[in-house]
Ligand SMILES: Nc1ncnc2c1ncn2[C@@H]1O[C@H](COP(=O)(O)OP(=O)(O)OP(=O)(O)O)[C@@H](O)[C@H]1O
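A lone chain, given as C-alpha cells: the form predicted on its own.
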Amino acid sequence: MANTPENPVDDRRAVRVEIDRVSKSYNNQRVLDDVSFTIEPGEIFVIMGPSGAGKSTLMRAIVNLEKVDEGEIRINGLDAFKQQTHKLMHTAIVFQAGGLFNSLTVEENLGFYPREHRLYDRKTINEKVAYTLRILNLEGCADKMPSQLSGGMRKRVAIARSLIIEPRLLLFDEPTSELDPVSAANITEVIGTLREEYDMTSIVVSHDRELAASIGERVALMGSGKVVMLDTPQKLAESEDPEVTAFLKPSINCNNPRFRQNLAC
C-alpha cells in the first residue's frame, strides 16, 4: 500500500523526515535560512553546530513547538505543523534538562504520560515500564526520586520515559551536555544501540563532536541558520572547508597574551 499523506502506511515503523526550504526570523534576524534536507527512515541523524547556528530552532520546528516563516516539514508525507501527525508517528523528544517530575519516582515518571492519556491499561503500563527500565539498565532505580540520581542516570530516565510510547521518531536535545566524559560516552552508546530494540528514526541535536563521530550516520553541520555541510562524519572530518574545520578542529589564538605563556606556539 502506498505511503501518502492520506494513507501514512509504511512497511516499517521508522519515519522519513523532509525539511523543505525552511526559514525563520526573530526581530529581523534570520535564524533559519532556506534549510532543506531529508532524513531517511531508521537513520541516526545529527544536527550540530555552534551556539546560535539555528539547530535548536530547527528541532523545535520539527516537533511543532516552533512555527516557521517559510517552507514545509513533512513526516512520512504528513504536515509536521499539525499535532495529529505527531500522534500518528508517536513523536517523542528528550529535552536537554530531562524534564522529569521531581515529586515522582523514576517508575512513576515513566508511567505518567501513558496513564494520564489512557494509552494502555494499568497492567500494560507496568509491563512497559519494567521492560524499558531493564533495557536501559535502570531496574535498581525504579523507586528512587530524580534528586537521588546522577546527571547521567537522569538523562537515561528521560530517554526511558520517551521510549514508553514506542516512538517512530525520537529527538534528542543536547543529550550529553553537562555530563562528565564517562556519562557522556554512556549516553552516546545508549542512543547508538536503541535501534536494536526499537524501529525508529533518531534526530540528535548536539554540539558534541565525539557523539556525532560515534553514532551519526549523517551529520548536518549548521552555521548562521544555513546547512554548511551535510555528509558522513568521516567526510566532514576530511573536509578542508574553513567553516567546517573551524568547528571540528578549533584552535586557540597563540597571540592572545592570556594563553601565550601556557602554550607551545
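Start at 1 and count along the sequence shown; that's the residue number. Bear in mind the structure is a predicted one, so any value in this text is a computation, not a measurement.
Another form exists, predicted together with the ligand; not displayed. Remarks below refer to it.
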Next on the checklist: If we define contact as a non-hydrogen atom of the residue within 4.5 angstroms of the partner, is S51 a contact of the ligand in the predicted bound form?
Outcome noted: yes
Checklist entry - So in the predicted bound form, does H207 come within 4.5 Å of the ligand, heavy atom to heavy atom? => result yes
Item to check | Heavy atom of Q234 within 4.5 Å of the ligand in the predicted bound form | outcome: no
Next on the checklist: If we define contact as a non-hydrogen atom of the residue within 4.5 angstroms of the partner, is E107 a contact of the ligand in the predicted bound form?
Outcome noted: no
Next on the checklist: Can you confirm whether V31, R60 and E174, the three residues that make up this candidate site, all sit within 4.5 Å of the ligand in the predicted bound form, judged by heavy atoms?
Outcome noted: yes
Checklist outcome for this item: Among 235-243, 23-31, 193-201, 213-221, the stretch whose residues bring a heavy atom within 4.5 Å of the ligand in the predicted bound form is 23-31
